[in-house]
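Given next, in structure tokens, is a single chain: the form predicted on its own.
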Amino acid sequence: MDTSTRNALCTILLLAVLAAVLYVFQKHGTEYQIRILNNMAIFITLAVSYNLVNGFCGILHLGPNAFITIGAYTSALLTMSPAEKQLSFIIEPLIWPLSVIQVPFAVSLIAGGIAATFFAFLISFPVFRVRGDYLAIVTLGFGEVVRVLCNAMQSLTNGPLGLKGLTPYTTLWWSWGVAVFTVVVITKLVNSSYGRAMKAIREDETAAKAMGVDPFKHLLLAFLVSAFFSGVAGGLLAHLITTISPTLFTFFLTFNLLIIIVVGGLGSTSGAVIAAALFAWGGEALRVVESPMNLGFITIPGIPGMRMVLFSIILMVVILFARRGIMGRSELSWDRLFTALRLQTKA
């Protein structure tokens, strides 16, 4: 059996195992466990797509919360029935034709991704005229502009009231299906000639331009792909929590994603997946420290906020002792795994 066939069979087996695990949790898991798994998949989608711009292109982009917001509101408005929209928009009616449109969940997710991509295309021209800290400030400002507009546009987003009572369409199959699709697409893109050009721009943009690489074209491609998947993930998030408002999409969401890709390793899709999974699971696992604990000889009262303190300490330890992140710029692969197993067997 050649290497490519073996790797393909191993990948199919891994996907089959993942499907079996999801089936078991979907049938027998608690609502809390299913929620954590859904959060894990959504954060994987967000982290992998965000890492395409920040990690592989070397661009400090601080506005993914804007694309998540656009995707969430677009998907939510398209899945709500006209009657639900009429009940929700009590101050000002929703603008036409959104007030009478209702589409299936899958169509709404694609529409959310397309809407986010469209806005990413509009801002790409001013964004990529600058570099470094200036680019970070521009994208950060765009994220805040979108949040403020969502708060002010009563007839489109329902303003501070937000959208409530959304149908919980997001299941494990939807969230993990999108996550797997995102990882596959980003991996294929990174390993293509476009991906190699993105890495060349990251290392030295001037040298890449001298070699015939068009920085704007390749950065624009990464920016649009990242925005599309961020918009789709926003739609999944909206139909998972079933209630959205402008306060949900602050810079804190971008900050969390930045932490994930830095801890996982800038420029590593595998690292982004691992760090996103640990972030979604660890954030919930650390809740135990905020509850009263009886150790037998002493009772420790619950301290609100202690979870974030421990979380911050863990992050500092990781950054201090693994400055390139968990994976650095390397990737997990079947070839590396089998090589390690052969070496272990010989030893």
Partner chain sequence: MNDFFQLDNLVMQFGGLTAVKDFSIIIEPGELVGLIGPNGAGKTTVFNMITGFLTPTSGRVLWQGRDITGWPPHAVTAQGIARTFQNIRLFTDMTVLENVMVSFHHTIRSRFWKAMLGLPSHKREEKRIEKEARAFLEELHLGHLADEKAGSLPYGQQRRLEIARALAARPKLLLLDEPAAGMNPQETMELAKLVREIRDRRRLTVFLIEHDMKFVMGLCERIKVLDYGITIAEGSPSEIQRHPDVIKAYLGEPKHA
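Numbering follows the first chain given and starts at 1. All of these numbers come straight from a predicted model, not from anything done at the bench.
Omitted from view is the form predicted in complex with its partner chain, to which the following refers.
Annotation: in the model of the complex, residues 127, 147 and 150 none come within 4.5 Å of its partner chain through any heavy atom. Figure note: of the listed segments 197-205, 238-246, 273-281, 139-147, the one touching its partner chain in the model of the complex, with heavy atoms no more than 4.5 Å away, is 197-205. A heavy atom within 4.5 Å of its partner chain in the model of the complex is found for one listed residue only; from 210, 87, 100, 103, this is 210.
A heavy atom within 4.5 Å of its partner chain in the model of the complex is found for one listed residue only; from 81, 193, 167, 155, this is 193. Although the partner is absent here, residue 221 is a contact residue: one of its heavy atoms lies within 4.5 angstroms of its partner chain in the model of the complex. Although the partner is absent here, residue 123 is not a contact residue: none of its heavy atoms lies within 4.5 angstroms of its partner chain in the model of the complex.
Within this chain, residue 133 is remote from the site of its partner chain in the model of the complex, having no heavy atom within 4.5 Å. Interface residue remark: residue 214 is counted as part of the site for its partner chain in the model of the complex, having a heavy atom within 4.5 Å. Residues are counted as partner-facing when one of their heavy atoms sits within 4.5 Å of its partner chain in the model of the complex; in 135-162 not one qualifies.
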